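This document starts with one chain, in the form predicted on its own, laid out as structure tokens.
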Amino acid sequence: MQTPSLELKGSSFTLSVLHINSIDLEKVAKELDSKLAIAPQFFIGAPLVVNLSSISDSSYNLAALKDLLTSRQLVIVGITAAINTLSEQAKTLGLAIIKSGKQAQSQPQLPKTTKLVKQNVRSGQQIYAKNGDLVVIGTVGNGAEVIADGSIHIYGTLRGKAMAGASGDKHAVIIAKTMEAELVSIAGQYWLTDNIQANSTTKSGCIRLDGESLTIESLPL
């Protein structure tokens, strides 16, 4: 039997969701550029769904927003939670209308894995644990990046950037024996060095989300 030239199969993919909360494109561009400057490798080229639940203006220029995002090398695959007029705009721009809620929550989840790294992560290196946790037995140096869809455990000093819950898992945590990070992020919420120092009273710590804000707890490590 001849193999068909194409097949349509069900599957599920993890997509990051970018929430647009302002109609002011200049303000959006400024804040976006700030985030991209912190961790460009984390955002650039990543497929995104744009959530427009906060936009109620039927004259909102969705084409201009798309141009803004694509000019920053962001890949926009569709929109979600938009009013009807914006959904119609999206169709003319070739963007998918993506449903959220119970339908999305019912998608099967892939089994979690754990990626173990038994070495120092040096400046310029990036390690990503897809659909799982990341455990580093060693130091994450300045200029290095560790990323995980799940939690990140560092049994050493974290001096670089650590981004947990990269696929949106708000229950992910970042644990480090010594917390001296340039940046930490969980499900898109991030702190820089100054934030960590202002909220920490100890060298070791566990960073997690409390609602929509990050918090750090001391650990007896």
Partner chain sequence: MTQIIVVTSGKGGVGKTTSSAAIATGLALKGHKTVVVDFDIGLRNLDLIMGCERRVVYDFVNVINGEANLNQALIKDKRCPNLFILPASQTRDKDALTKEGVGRVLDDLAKDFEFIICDSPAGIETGAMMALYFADIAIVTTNPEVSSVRDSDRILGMLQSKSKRAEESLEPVKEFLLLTRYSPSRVTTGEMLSVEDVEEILAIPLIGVIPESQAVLKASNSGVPVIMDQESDAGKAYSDSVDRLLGEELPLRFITEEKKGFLKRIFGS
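Numbering follows the first chain given and starts at 1. Fair warning: this is a prediction, and the values are worked out from it, not measured in the lab.
Below, we turn to the form predicted in complex with the partner chain, even though it does not appear here.
- Checking 84, 119, 92, 71 for any heavy atom within 4.5 Å of the partner chain in the model of the complex turns up a single hit: 119.
- The partner chain in the model of the complex is approached by residue 125, whose closest heavy atom lies within 4.5 angstroms of it.
- In the model of the complex, at least one heavy atom of residue 182 sits within 4.5 Å of a heavy atom of the partner chain.
- Within this chain, residue 142 lines the site of the partner chain in the model of the complex, having a heavy atom no more than 4.5 Å away.
- Although the partner is absent from this view, residue 159 contacts the partner chain in the model of the complex, with a non-hydrogen atom inside 4.5 angstroms.
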